[in-house]
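Single chain ahead, by itself, as structure tokens, in the form predicted alone.
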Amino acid sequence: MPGLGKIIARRLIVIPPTLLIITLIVYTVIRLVPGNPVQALLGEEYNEAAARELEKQLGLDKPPILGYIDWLGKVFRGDLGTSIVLVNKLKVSDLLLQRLPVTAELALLSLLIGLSLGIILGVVSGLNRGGRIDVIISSILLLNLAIPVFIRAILLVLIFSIALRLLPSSGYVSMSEDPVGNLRLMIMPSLAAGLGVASVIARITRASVIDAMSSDYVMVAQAKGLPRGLIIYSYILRNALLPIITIAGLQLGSLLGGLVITESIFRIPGIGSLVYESIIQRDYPVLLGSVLFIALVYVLVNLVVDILYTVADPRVRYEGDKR
């Protein structure tokens, strides 16, 4: 396809420097924050000599930039390092692989909830532009968008766990062990994260529907007397899906980073909670490996979205050829 190769090449070129900048910032900040894991590891046996020796073993005696270069060299050799806090000294890559299915399940469920609610509310709001329904839906979406995810999580726990006693407040069980229990435990975390996505998707959908309704092809279809349902599905909704594809991809990437709070609140053992634990414990290799993985997934998702959008809309390719 003309222009598609150039677009992919441009996106691929920016991935390495993006990952480099993100991990450098995270490494520098975490090293400059007061405190390190040495005191926690030594416990009652802590003394200056033992602390200096352990810092040397862990590579914490070096300036941040040199420590980062050492870590980067290991990454280029395919080694994300080993946890410096966990007793069994697990490899970071093994920790990520263990927790990836949990985070992937939560992210996909949240995205599914966000897409379903967002598209439905956006279409209804757009079709009733300026009416009472539109005002009510838009107000609810705006309010929901302003509420942080941890507030939504707390409200859901108060309603469904404490007041109604319908769902457990936290915990996790795998789908293979107990499918029903898994869904019961994942409903509230998915809602807490997915409702934020729903507001974004709904606003984009509403704008796309309004734009499509004013287009010539919809007016011609209405003049022909085609059924309203057919016009909405075949002419309005299908043409409004292009921007939704882009936003959905971006939201999936954002979810992976935003699940740190959600997983921590609901005690879900995913990559998000792993990031939180590594920050608290100053487990630098685990934190850097997790951040690198999340950032890589985010940029790859964006790349896939760009490709899908380019395939769906040839005008993007033509514009790329002119540059």
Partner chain sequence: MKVINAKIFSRLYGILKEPRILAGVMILSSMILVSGISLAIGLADPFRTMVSKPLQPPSMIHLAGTDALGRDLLSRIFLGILISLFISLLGTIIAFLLGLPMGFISAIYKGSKVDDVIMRIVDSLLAFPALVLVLFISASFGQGPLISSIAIGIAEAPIVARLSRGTMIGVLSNQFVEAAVAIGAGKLWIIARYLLPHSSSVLITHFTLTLSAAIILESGLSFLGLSTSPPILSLGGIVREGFLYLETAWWYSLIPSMFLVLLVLSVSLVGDGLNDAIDPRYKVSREYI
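Between two forms, the rigid core is defined as the largest C-alpha subset superposing within 1.5 Å. Bear in mind that the values here come from a model prediction, so they are computed numbers and not experimental data. Numbering follows the first chain given and starts at 1.
Just so it is clear, the following notes concern the form predicted in complex with its partner chain, a form of the same protein that is not shown.
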{"query": "Partner-facing stretch of 72-80, 146-154, 219-227, 101-109, counted where any non-hydrogen atom is within 4.5 angstroms of its partner chain in the predicted bound form", "finding": "146-154"}
{"query": "Site check 256, 261 and 275: each within 4.5 Å of its partner chain in the predicted bound form by heavy atom", "finding": "yes"}
{"query": "Heavy atom within 4.5 Å of its partner chain in the predicted bound form - the one residue of 238, 165, 89, 132 that qualifies", "finding": "165"}
{"query": "Single option in 26, 51, 268, 60 placed near its partner chain in the predicted bound form, where near means a heavy atom within 4.5 Å", "finding": "26"}
{"query": "Residue contact check: residue 180 to its partner chain in the predicted bound form, 4.5 Å heavy atom", "finding": "no"}
{"query": "Contact test in the predicted bound form: residue 38 vs its partner chain, heavy atoms, 4.5 Å", "finding": "no"}
{"query": "Interface membership of residue 305, its partner chain in the predicted bound form, 4.5 Å heavy atom rule", "finding": "no"}
{"query": "4.5 Å heavy atom contact, residue 175 to its partner chain in the predicted bound form", "finding": "no"}
{"query": "Heavy atom within 4.5 Å of its partner chain in the predicted bound form - qualifying residues of 193-211", "finding": "200, 203, 204"}
{"query": "Per-residue C-alpha change between the shown form and the other one, residue 27, threshold 2 Å, rigid core fit", "finding": "yes"}
{"query": "Shift of residue 71 between the shown form and the other one at or above 2 Å (CA, core fit)", "finding": "yes"}
